[in-house]
Each structure stands twice: as structure tokens, then as C-alpha cells.
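Heads up, the chain below is alone and in the form predicted alone; it's given as C-alpha cells.
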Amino acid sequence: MMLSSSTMSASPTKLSLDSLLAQIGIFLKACPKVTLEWSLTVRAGTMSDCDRMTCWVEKSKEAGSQEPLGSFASVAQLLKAIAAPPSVQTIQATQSSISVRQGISVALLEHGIEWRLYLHTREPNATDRYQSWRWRSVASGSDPSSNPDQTGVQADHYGFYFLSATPTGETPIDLVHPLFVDAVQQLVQHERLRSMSGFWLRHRGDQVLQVDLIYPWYPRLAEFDSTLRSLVTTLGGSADWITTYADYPIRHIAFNGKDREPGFTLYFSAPMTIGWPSTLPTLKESVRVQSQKIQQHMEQTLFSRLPIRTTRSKQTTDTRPSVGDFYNTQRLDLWRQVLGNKMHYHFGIFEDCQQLPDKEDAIDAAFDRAISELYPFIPEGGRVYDIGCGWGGPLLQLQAELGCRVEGITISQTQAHYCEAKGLKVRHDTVEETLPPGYFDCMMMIESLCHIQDKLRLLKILRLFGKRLVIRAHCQDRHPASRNFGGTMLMNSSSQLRYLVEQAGWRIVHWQNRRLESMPSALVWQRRLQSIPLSNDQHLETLRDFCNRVVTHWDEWGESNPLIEIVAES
């Protein structure tokens, strides 16, 4: 079905967003998963809340179809009907097979209509990509030559970053228009925002066009009343709309980049549940009602169940060794000599625990095996979160061999930068101050639980974010609990570990001591360290001392320090 050319060339005074909404609904209303979005934009002296909307559809299969492109076929039909540029139609067609979501946005402008195509794509074993293409339909009576870019296609790309900064150290405060610096400074201090979310950057080439703070818990606009009023005052406009929309839950607050004219936009969105809206006010109300339900659900099922943080004394906090500083290093070349090219920083699982393999390939296989032996517990293609992901070796292996969608967190900045360079989505932060970024099929802690101070609280939190937990944990059974490994490991006995996991509400379905098969790892590291002179890298020298101690007290250490492998389900 083609939308008439007369309709598409009508002037904005005669063309309403309601009519465009109805025409878009012809193609998208039957899609099984639709998210509706509208936005409110504030610029110098003006506010607009009825000139833009976006409809998102997710991957789905049509009945009888073998290809999961049903909803995206509807998007293709819509693009054809609105006479989208051939280049845009080609991009949509060629990228539909790897798309996760696609969106169509329409806005009424002074000289016509602006359309946008959004694509969220995911290639096999690759990081997600977000892109958009925008173009305009020229209104009747206007001269296209008066605006050369009016009918051209403009491409933007988007990048997501956890707070507080991008891998290159840029913060939202550095990138927004100078008029917004104080407001954004206030907003990014929000505890929930810092613990579970971050920001998008919209780029066109090297220019940052927009900085977008994301609010996945849908706070009400009223929570930002004073900040928004300050912004409106700065821009010289009326703030009456803040009262009008006080009860509307917000999904994003986006600020123009520092090189653009000052302006900010609020986005409101929610899944469509009661049929295609007939008017923009109906769409707004549907979004309000549904997003309030999401907000209430998150408060009841997540935030009300988060355990209270244990209060620690200032002295304890000040004297605790910095795990992040300990794991940071400027000598990546030395660590690659010790760990090998795959940078697996965990104990391997050796087939012959009595004899060290002569060939490096066999040694590398032992460290790979430490992860591959967990494959029965990790769903193929599942979403996996690695807590204390190190240099990303396990994540890369799961991505390559199981096709998992992987994310990680590390307290080490150098490790986070290394993982980012490998194309991994890894957060640089402490797991005790953050929340997992979503719900996961499996969460892993490979020899990282020992670095956590309040283990019980973390284990309780993780139950809210995943159905399965895989742990390998160093324990200390024959001596009192102590700090080990440069003071960064807070040790527990294996019986205490079992108590903590069960006390947190997990059901243990697998328990095994892997210390015997893992012991040759210390011999591998010791042998490789012999070719490396003493250095000022505290971490490297701590590993050297550790390996020498293990080799000297082989049997006693192995019996006293089990490596416990746990699989638990919520």
C-alpha cells in the first residue's frame, strides 16, 4: 500500500501527527512487540510536545515463516509506502537479518516532515550497534534549494557508556552545552543512575550531537522538578508544562552537545498493550499508564528487595587495600608473558595434575578447559555477565564458542581498557557499588568472590538479576580467615562459602573441589616468571611470591586451600 504523494507533500498546518500515526499503524499495528515513544523538546524560549513520535518493533517471526523478519518486513513496507530514499530502504533490507530492533520516527518541521530509521543490530559474536538515518519530505510550496540538506540522508551512530566516563575519559559534563553543565552535574550524582545505568552519545562523524542520560526505572518527571525549572529559566521559557507532565515517568533526558544550539529533550516510552492509538494524546496516555506499571513493578520486585548496605567504619574503609590499584598495570607486555596471548587470569584445569605439559598449546588448552568445562551450565547463545572479568579471556571464549552475549565488570581500569579494545562490553567499576545491567541467563564469578567484602549482600543482589550463578572460589580451610594476595583477598572457608550461598537464597545444584586439577597453574606461572626480572609492579611480584610459596609447600597448600566450583540456581 502506498501513501499518497499528496498526503506526504501537504504542509504541516494541514498535516497532523495523528494522521501520520494512523498511516504508520496500517503497517506496524499487527507487529507482536511494539514500543511507543514521544518526546518533549525545550529550546530557547520554546517547548514542543506534539510534533514527534517513534514506533519501535522487535524481531519476530510471522506465522509459517522460517526467518525471524516478520516485523521488519512491515518496516520495509512502511519505508516503501512513504517513499524513503532508496539508500535507506537498502540499508534496512540488508541489515534486517542481524537486527534486534528497528524504529521509525516522524516529526513535523517548519518546512516538511522529517523521518528517521533506527537500527539496533547484533552480528554473531559481536557487540551491538545502534545507528540512525534521517531524511526529509519537502512540503509543498517550499524551495528545496533554500536548504540543500533538506532532502539528503544524514547518518548518526550511537554509543552507550556506563557512568562515569567513556573509555577515553570523557564525561557527560565534558560534552554537553555549557549552559547545561550544572544541571547535568546534579543529575549524574543520582545513586540509581550511577549504580545501574549510564549515557548514550549520538555522533555524526566525530561530532557529539547529543548526550542522553538513561533512566531504566522510569522515575516521574516530578523528581526532576527543580533541575528542569532551572534549565527552563536558563533557556528563557515557560515551565508550566512541568506541572502538566509531573506524573509522567521519564525514560531518557537528552542534552544537546556543546557545539550545538542549547536545548534538551525528554523521552517517554512504553510497550504497546491495548491496541494502536488513534491520536497522539491517546499515545501519550497509553505510554503514561504502561510506564507507571513498569515503574511500580520495578519498585516492588527490585528496589524494595535490595539488601541494605552494611555500614563500614571510616578506618576500615581507609585502610583496606585498593583492589583497583593493585590490578592496574602499565606493563601489559609482562603480563602477556605470564598469562599467554589469551590472557586467561585464572587457574587452568589440567588433565594430568602430576606432570606439567611441555608444549605451550597444551598449557593454553588447560586454561581454556577451565571455562569449557563450565559449558554444561551456560546456555548456548545466552546472556552472560562475568563479575571480575579480568582481561576478558572467559568472555571472548564464551562469545566465540557458545555464541553468548557477554558483558563484564572489572575494578581495574587497565583491564577494562584492554577488554574494550577487544570489542567487549565491560564496565570499569566495583561490583559492590553497582547493579548488574539487566537480567542474565548466567552470571559468573571466576576466582573473584574472594575480593568482595560484603559477600552475602552481593549474593543476595545477584539473585534479582539472573537465574543461575557459576562460581569458582578460592577458600582457606585449615587456617583462620585472613587477607591474602597483597591484602586484596578476603578469604573464607569452604563451609562458610556454602553457608553464604545458601543464606542468600541460592539453591546449590553442583559442588566440586577443583584444586587438584588446577595446581599445575602455579608451576606454569612460576616458570614463565623466571624469565622476567624483578619489577616495581606490586601485583606481578605478589604473584611471583605466591607461586614460589605454593610450589614450596605443594601438598599442604593444596589441601588447605580448595578451589570450590559451584553452580547455583535461584
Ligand SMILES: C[S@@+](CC[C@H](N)C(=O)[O-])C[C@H]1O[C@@H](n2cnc3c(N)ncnc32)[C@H](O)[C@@H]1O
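The first residue of the sequence shown is number 1, and the count goes up from there. Just so it is clear, the structure is predicted and the values come from calculations on it, not from any experiment.
The next section is about a form of this same protein that is not shown, the form predicted in complex with this ligand.
A single residue from the set 277, 348, 388, 249 has any heavy atom within 4.5 angstroms of this ligand in the predicted bound form; that residue is 388.
Distance criterion of 4.5 Å from any heavy atom to this ligand in the predicted bound form singles out 448 from the list 92, 99, 137, 448. Contact check for residue 394: a heavy atom falls within 4.5 Å of this ligand in the predicted bound form. Although the partner is absent here, residue 327 lies within 4.5 Å of this ligand in the predicted bound form, judged by heavy atoms. For residue 410, a non-hydrogen atom is located within 4.5 Å of this ligand in the predicted bound form, even though that partner is not displayed. At the 4.5 Å threshold, heavy atoms of residue 405 stay clear of this ligand in the predicted bound form, well away from it. Residues of just one listed stretch (285-293, 431-439, 163-171, 262-270) have heavy atoms within 4.5 Å of this ligand in the predicted bound form: 431-439.
Within 4.5 Å of this ligand in the predicted bound form, a heavy atom is found for not a single one of 52, 78 and 109.
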